[in-house]
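Encoded as structure tokens, the following chain is the form predicted on its own, with no partner shown.
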Amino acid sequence: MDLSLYAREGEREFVELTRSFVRKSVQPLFGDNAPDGDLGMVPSILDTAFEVGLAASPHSGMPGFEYGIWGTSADNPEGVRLSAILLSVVAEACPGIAMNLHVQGLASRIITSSKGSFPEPPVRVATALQEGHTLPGFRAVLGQGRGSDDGIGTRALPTEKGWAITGTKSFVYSMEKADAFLVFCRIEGRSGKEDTGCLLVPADATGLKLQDIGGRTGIRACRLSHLILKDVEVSSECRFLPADDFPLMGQALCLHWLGISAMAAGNASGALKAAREYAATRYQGGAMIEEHPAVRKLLALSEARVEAAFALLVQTCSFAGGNTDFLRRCAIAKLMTTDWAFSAVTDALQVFGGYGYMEDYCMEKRLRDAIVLKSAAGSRNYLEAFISDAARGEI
């Protein structure tokens, strides 16, 4: 499918720029026989993304400050939609590269849209939201967490110059050699009152350790670590506050869920394109397999699910704003688009028959990536409970 159809007049040049980046920088990644491509090329690919302005940056002097994915243009529904489309275009080729751009843009967006006094924002940043295997509790997401049941165990205690942070943030996606991490934690004020908040922690801070999680299923082109903090001291300047009344953690989850939805839809679109090309060139049973009823049905189902995923994604972007309703809609989008995208990938894979599970055609990689995107940033049970509580007005 043509993702530029979802872009408006004046935005298609950004789509074409992204396609050029994918064609020249991302696709050569898969020139060898490794199932996930030559991962040693990832750093240079990301350097190029910064140069062309596709990777967002919190520095106003860098190309991606305004129009990078989730850059300052994401202050409005049109900017959110465009960022989601660009992310999908990259994910058509490689969801792992797209994840790098997504987490970079997400953290940059938090820095540029919040109230903070950090004197020199870092260039490469990542966001640490999750603890254990679950996201924080609903009340904590909305800045109302006040107890041991809010799912936030990481704590920041006051010191003479700021805070000392202790805890573990799990499954943190980041670019290689990230300069800093935005850590969401429970912050204790000097009066003893606790609040949920966001602190910027330099990657070289004493007491901070990145633990690689080892072998994993998919999205291997993006670093994934556990962030372990033990009495990590940061200054008072490192705290960020929302510029409006909607908590930063809620804002972060909105874009995180939208980004994963966009990557899942883009990955499924890439799988559908590969299946169509294969069906048009594979001769079997006296005809090209694209003429066989079973293959036509698989392609039709895959296309229907990809279109449905993009339609829901674009519709959700139109409601962008700092409020609970947008958060609910993003949760719905993440739940449904990743489900539809996963089914679209499995339908497309079946067009290849047994070859679909071989590394030669890269379809098994798309399946692995679809599995990870479906489970990332909140399990199905978490999302269902969140949507249910939101519908009943309980969050």
Partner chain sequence: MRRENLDFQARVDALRPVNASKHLDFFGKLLMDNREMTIWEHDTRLLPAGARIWRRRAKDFARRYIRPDAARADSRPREYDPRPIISQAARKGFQTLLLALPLGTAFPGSYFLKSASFQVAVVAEEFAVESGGIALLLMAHHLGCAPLILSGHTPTILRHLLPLYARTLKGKPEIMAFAITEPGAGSDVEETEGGAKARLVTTARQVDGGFVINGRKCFISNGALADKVTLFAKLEGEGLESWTCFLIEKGMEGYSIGRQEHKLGQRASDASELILDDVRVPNRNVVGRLRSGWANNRNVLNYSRPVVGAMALGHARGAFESALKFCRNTMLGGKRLIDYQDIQIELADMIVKLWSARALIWHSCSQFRCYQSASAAAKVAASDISFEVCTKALEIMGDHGYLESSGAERLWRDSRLTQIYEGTNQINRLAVIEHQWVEITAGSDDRD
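Given the structure is predicted, the values throughout are model-derived calculations rather than measurements. Positions refer to the first chain, counted from 1.
What comes next is about the form predicted in complex with the partner chain, which does not appear here.
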Spell out, yes or no, whether the shortest heavy atom distance between residue 354 and the partner chain in the model of the complex is within 4.5 Å.
-> yes
Do residue 81 and the partner chain come within 4.5 Å of each other in the model of the complex, heavy atoms counted?
-> no
Would residue 15 sit within 4.5 Å of the partner chain in the model of the complex, counting heavy atoms only?
-> no
Going by a heavy atom distance of 4.5 Å, is residue 364 a contact of the partner chain in the model of the complex?
-> yes
Answer yes or no: in the model of the complex, does the partner chain come within 4.5 Å of a heavy atom in every one of 72, 85 and 304?
-> no
If we test each of 164, 205, 224, 243 for a heavy atom within 4.5 Å of the partner chain in the model of the complex, the one that passes is 224
Partner-proximal stretch of 267-275, 285-293, 193-201, 315-323 relative to the partner chain in the model of the complex, 4.5 angstroms, heavy atom | 285-293
Scan 211-227 and note down the residues that get a heavy atom within 4.5 Å of the partner chain in the model of the complex; none is a fine answer too.
-> 213, 215, 216, 217, 220, 224
